[in-house]
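The chain below stands alone and is given in structure tokens; this is the form predicted on its own.
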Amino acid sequence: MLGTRFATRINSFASGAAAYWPDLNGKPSLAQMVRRSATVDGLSELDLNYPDHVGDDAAAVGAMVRDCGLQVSGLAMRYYTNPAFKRGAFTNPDAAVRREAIDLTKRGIDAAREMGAPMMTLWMGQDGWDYSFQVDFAALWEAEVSAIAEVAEHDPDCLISIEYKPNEPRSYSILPNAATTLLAIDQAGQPNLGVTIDFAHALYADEQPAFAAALIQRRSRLLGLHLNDGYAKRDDGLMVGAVHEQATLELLAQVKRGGFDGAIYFDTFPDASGLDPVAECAANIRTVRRMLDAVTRMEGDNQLADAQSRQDPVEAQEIARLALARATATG
């Protein structure tokens, strides 16, 4: 059931390290961050980065997380091990570097399965360009799609979810929005592929997040839901509902209607502002639970459907505001 599973970004729990670990010399270890995250009321799962957090013994890392009372919901690929990846992972101009990125991803998929995690998330932030005339777009697209197909085919039982983002670190990403990602998935043609929608990424892709989710659920599968917030200019990683409360509520209503029942993952950056990550994550969980209560209230009668059938924003906005206010009052 949507809203019973919550996951978060583990690196957030390095925030305020000196205050939390007074005797710490250097950065907290993964095990320390996991133990800290396990103190969050309502948190059930973690996403870990590969290869950063996993090392050579994936099974041991998975067991360590479970011993803290949490599950590994999935791994997320990071392409930092080779400086050459800055010019592209799956789209690097050097065929040897492309092959290194593909093989690294396959090892990451194997690690996820060894840990008992069902999914690998691909954020291809290095795949793109920075200048006009820098790339042959057709060749770049072919390299990206063929690599996605190859890594998805590596283990058909592992879900492969593509997290799109308009830019950063490249000026232009090859997979900048939902529509382009859906096109790549269609051409890759592997049944275990799907999409992760990140709320802040969708905002600065100039998307309405709920509409992007509706397209994903219509043409593919929504495999990942990353909640956060921002000002639609960059990946701010703010707390859920801090800026775009109604758009977040609408997204939750859409993904629930479309049948998504996976973990809700908080891709927020309390470490960027020095916030207490335990308090910040717990606040995100409370916010989402109130919003899901409001969604349930709106589903309980036909008022919203009637307003939407008339495309009446005055009534629809009022229904959403009242549902959230009542959920907050009783929560």
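One-based numbering along the sequence shown. The structure displayed is predicted, hence computed values, not measured ones.
As for the form predicted together with another copy of the chain, it is not shown, yet the points below apply to it.
Comparing 206 to 214, 108 to 116, 190 to 198, 71 to 79 against another copy of the chain in the model of the complex, the single stretch with non-hydrogen atoms within 4.5 angstroms of it is 206 to 214. At least one heavy atom of residue 322 is located within 4.5 Å of another copy of the chain in the model of the complex.
Another copy of the chain is not shown here, and in the model of the complex it never comes within 4.5 Å of any heavy atom of residue 146. Remark: residue 300 does not count among the residues lining another copy of the chain in the model of the complex, judged by a heavy atom distance of 4.5 Å or less. Another copy of the chain is not shown here, and in the model of the complex it never comes within 4.5 Å of any heavy atom of residue 29. Although another copy of the chain is omitted here, in the model of the complex none of 22, 221 and 260 has a heavy atom within 4.5 Å of it. Shown without its partner, the chain has 87, 91, 92, 93 in segment 87 to 124 as residues with a non-hydrogen atom within 4.5 angstroms of another copy of the chain in the model of the complex.
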